[in-house]
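Okay, so we've got the same protein chain twice, two forms, each given alone as structure tokens, structure 1 and structure 2.
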Structure 1
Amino acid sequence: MKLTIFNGSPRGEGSNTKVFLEHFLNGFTQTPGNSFEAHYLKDTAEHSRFAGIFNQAEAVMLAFPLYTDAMPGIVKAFIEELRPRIAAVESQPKRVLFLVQSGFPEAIQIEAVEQYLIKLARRLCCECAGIIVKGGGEGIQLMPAHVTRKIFGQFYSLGEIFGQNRTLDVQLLKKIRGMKRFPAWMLPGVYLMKLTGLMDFFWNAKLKENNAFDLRFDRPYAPETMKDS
């Protein structure tokens, strides 16, 4: 099997999404005859060509980070590029699987886009081979090996089994998904981090870096704002 990867992270080859994919693909290619090719959706000028590759691929994996409960704009743009070609693939259904990783630890953050992806596969006349959900992905590249060994091993095993059986192991998917919500005993610590500003430290630094800190509470699409404009 040849698996065609579309990495939808704006960070491209330096993304956390690529890190998770690498371990999955290392397992996948353990089976003789399996191979893959990867494309990066941040190259928006190539979207039309990528759409053609999607249509001709034997099997596809679309991977991206969660951006405010949805997907990055470049992923949505790529999906829109596929629309005119739906009829062309109706007679050639293919298998498509998804990887959605998020900086948020709680898997519930990804559930809305997960349902969308199931519908997307159906609209593209593809068989949905499964959705890999992974929370807490932000900073994974900075974590020491003893912290990441378990999760990377799970991704490797998931890819290895998929390479052998063409299916995603349900038990491994559950382990990778992790907690749906913070358990009650963790909430006091979460609230403390919020009150002390530790929870917002990283994102506030990014806002300042991009001269957007003073705009963080803006609501450009609020009804009252739209009336003024």
Structure 2
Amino acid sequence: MKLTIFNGSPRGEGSNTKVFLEHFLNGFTQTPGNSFEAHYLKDTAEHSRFAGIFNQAEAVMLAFPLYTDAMPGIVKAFIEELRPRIAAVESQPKRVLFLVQSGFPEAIQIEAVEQYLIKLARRLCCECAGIIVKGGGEGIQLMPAHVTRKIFGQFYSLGEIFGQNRTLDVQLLKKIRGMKRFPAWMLPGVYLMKLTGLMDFFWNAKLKENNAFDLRFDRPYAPETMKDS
């Protein structure tokens, strides 16, 4: 099977989305005869050509990060490009699968776009092979190896099984998806303080690196600021 990947991250080749995809594809290509090609939707000038490639593909994977509770603008623009081609797609039904990853740790943040993608597959007359939902993706490239090893192993196995039988393993999907929301007992707890504290530490380190720490609460567009400038 040949899998055609459309990476919808605005960060393109430097994206967290690509990191997750790589591990999935390493597993996928373990089966002899399996191959893939990847296209980057950040090249918006190429969307029309990409839509043609989508049409001809045997199996397609659309992967993107969550942007303001939905797909990034570039992904929406690409989906619009597919519209005039739906009739053609219908003539050769294909499998599509999706990967959505978000910086937020809870799966509930992704559920609306997940429902959108299930409907989108129907709209495109494609068979939806499943949606990989991954929370906590921001910072994946900075996490220590012992943390990422497990996550990447899950993506590898998911890809390997998909490469063998063209289905996404339900148990693995569930593991990757993680919790829908924090359970009630966790809310006032130390765990969340540690989590938000860790994230604050990450942002503060970056702000300091850029000599912007003192400016972190700036309000450049507040009326009083606009008056001053």
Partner chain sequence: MKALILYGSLFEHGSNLDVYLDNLSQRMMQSGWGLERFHLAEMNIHYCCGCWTCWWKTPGKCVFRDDMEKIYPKIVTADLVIFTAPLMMGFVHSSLKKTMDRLIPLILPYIKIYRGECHHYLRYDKMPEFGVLVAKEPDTDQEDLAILSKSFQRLSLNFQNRMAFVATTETPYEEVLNEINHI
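Superpose the two forms; the largest set of C-alphas matching within 1.5 Å is the rigid core. All residue numbers here refer to structure 1's sequence, counted from 1. Computed from a predicted structure; not experimentally measured.
Structure 2, not structure 1, represents the form predicted together with its partner chain. In a rigid-core overlay of the protein, residue 13 has its C-alpha displaced by under 2 Å between structure 1 and structure 2.
Its Cα shifted by 13.6 Å, residue 214 is compared between structure 1 and structure 2 on a rigid core fit.
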